[in-house]
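In what follows, one protein chain appears twice in different forms, each by itself as structure tokens: structure 1 and structure 2.
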Structure 1
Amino acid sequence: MASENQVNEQGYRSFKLGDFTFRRDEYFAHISYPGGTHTLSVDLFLRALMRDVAWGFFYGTVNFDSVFGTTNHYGTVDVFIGLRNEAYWKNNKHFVQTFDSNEIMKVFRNILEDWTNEGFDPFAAPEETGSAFGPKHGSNRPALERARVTAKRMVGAKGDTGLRREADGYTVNRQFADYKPEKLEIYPEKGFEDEVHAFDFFDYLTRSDVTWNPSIVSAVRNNLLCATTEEYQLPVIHGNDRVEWFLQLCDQIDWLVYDGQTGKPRARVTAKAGDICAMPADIQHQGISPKRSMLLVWENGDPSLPDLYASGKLKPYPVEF
């Protein structure tokens, strides 16, 4: 068993978190626990880990694959093997430990920093980044510590700093090169020239340098609208603890839907431009996007929702037909 901070012959450190040990070689991440060792491709592991860290463990469950993942209890986090996999828990082969959120965040950040090589960006599409494989060579802290572009008021309005501009390195993505920005017409009343503003939201999204990373673009109380661009596949299988709504803005995403507890396939949803679909509170889902697409996600951030769904006081789906 590798010990904390032990450096292997490929130059990578190992890390401990409770009874879990994380180590990697040139191709794979190995997660050891009292029941054995689970292995997954290191590029997939780092892409999932990047989002678990960036999202603060997100809503509900973040499955790195069909076996390993985390469940957020908003203050504590479960780290598990096989909890959402029927073959594991039916045979009592699953393993779960609960940690303080800050403790697990520190370990996960350290793994990301040590295991991410120069040129590899876990937030980028595969064609836009270097390789995660091979012996340790350099690092990519700028990618791991990428700061969100935040707006102080509507994007591009006077006094705002949230505009993605060509001069700041936010170029139009190669797969959105055919988009022609709209000509915007604004007719403010006299005296309101600094208060009335418009911007081309599609043009704004064409300049996103990350994939599968929803960013809040509108917030009204607990209602959060989150925009993102998607390419290849969602690096995690998200297990919901509330209903999510997806509005497909352009192109297409196929959603692979699984049972929330057993992991068994339940549906395949094809979302094309203009389609709206709801992901229930009792499922897991993963999206695949052959061409870079745009997605708008509506999240309800009400902290009481997980308990309401778990207790059966709310049905896991939004409507009955």
Structure 2
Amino acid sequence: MASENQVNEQGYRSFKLGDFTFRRDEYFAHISYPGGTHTLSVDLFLRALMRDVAWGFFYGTVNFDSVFGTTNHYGTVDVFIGLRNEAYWKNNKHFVQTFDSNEIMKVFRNILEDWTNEGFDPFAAPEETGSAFGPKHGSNRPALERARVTAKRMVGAKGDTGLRREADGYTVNRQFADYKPEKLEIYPEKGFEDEVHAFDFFDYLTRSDVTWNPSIVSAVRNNLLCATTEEYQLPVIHGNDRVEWFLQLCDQIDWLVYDGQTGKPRARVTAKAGDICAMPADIQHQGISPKRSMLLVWENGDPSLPDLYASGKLKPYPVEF
């Protein structure tokens, strides 16, 4: 068993978090816990870990695969083996430990920094980055330190998060090379230059340099429009602790939907441009996007919701008809 901070022959450190030990070799991440060891591709592991860290553990559960993941309790985080997999918990093979959010964040950041090699960007589409595999070579700290966009009111509004401009290095992604932005005209009266605001949202999205990273572009109280571009597959299986909605803005994403507790398949949702659908509060989902597409993820940031859904006070689906 590797001990914390020991550097193995491939050059990677191992890490401890409570009773979990994380170690990697050239191809795999190995997670040891009192009941055994779980192994997954280090490429998948780092892509999932990047989202978990960047999203601050997100809303609900971030499954790295069908076995390992985290559940956010907004101050504490459960780290688990098999908690969302019926075969594990029915046979009492699951394992869960709860940590202070800051403690787990520190360990996860350290893993990410040590295990990410030069040339590999866990946020990038596979076609746009190097390999996660092999012995340790260099690092890629700039790719790991991107700040998640969280507009307070609207992207580009006075005092809010900025637009993406060519001059700042935000070039149009290769998969949107054919997209032709439309002309936006803004005519403020004198004195209202800061209050009359609009921006080219689609152009903003074509210039996203990351995938599967929903970021707030417009907020009306807890009503949060989160925009993202998607290519290949969502590197996590997201387990909802509230209802969220998807509006497909272009191209197509297929959502593979599983039960939130058992992990058993429940549905496949095909979304094309203009399609809008809910993801119920009791499911897990993973999207696949063969071509880079634009997606609007619509969240309700009300912090009371997880308890209301978990206690059954709210039904897991948003509308009855």
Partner chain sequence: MAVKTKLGSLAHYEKGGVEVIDDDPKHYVFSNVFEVASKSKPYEKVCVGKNIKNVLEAIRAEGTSPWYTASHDEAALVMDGTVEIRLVKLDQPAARDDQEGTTMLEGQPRGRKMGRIVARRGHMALLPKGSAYQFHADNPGVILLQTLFGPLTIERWAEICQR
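Only the largest set of C-alpha atoms that superpose within 1.5 Å between the two forms is called the rigid core. All values reported here derive from a predicted model rather than from experimental measurement. Residue indices: 1-based, along structure 1.
Chemist: Since only one of the two is the form predicted in complex with the partner chain, can you say which one?
Modeler: Answer is structure 2, the other one does not fit.
Chemist: My question is whether Pro142 is one of the residues whose C-alpha shifts by 2 Å or more between structure 1 and structure 2, given a fit on the rigid core.
Modeler: Moves: no, less than 2 Å.
Chemist: Quick one: once the rigid core is lined up, does Phe199 have its C-alpha move by 2 Å or more between structure 1 and structure 2?
Modeler: For Phe199, whose C-alpha is compared between structure 1 and structure 2 after core superposition, the shift is 2 Å or more.
Chemist: Rigid core superposed, CA of Glu127 - does it shift 2 Å or more between structure 1 and structure 2?
Modeler: No, its C-alpha moves less than 2 Å.
Chemist: Align on the rigid core first, then pass along the CA displacement of Glu189 between structure 1 and structure 2 in angstrom.
Modeler: For Glu189, the alpha-carbon shift amounts to 3.9 Å.
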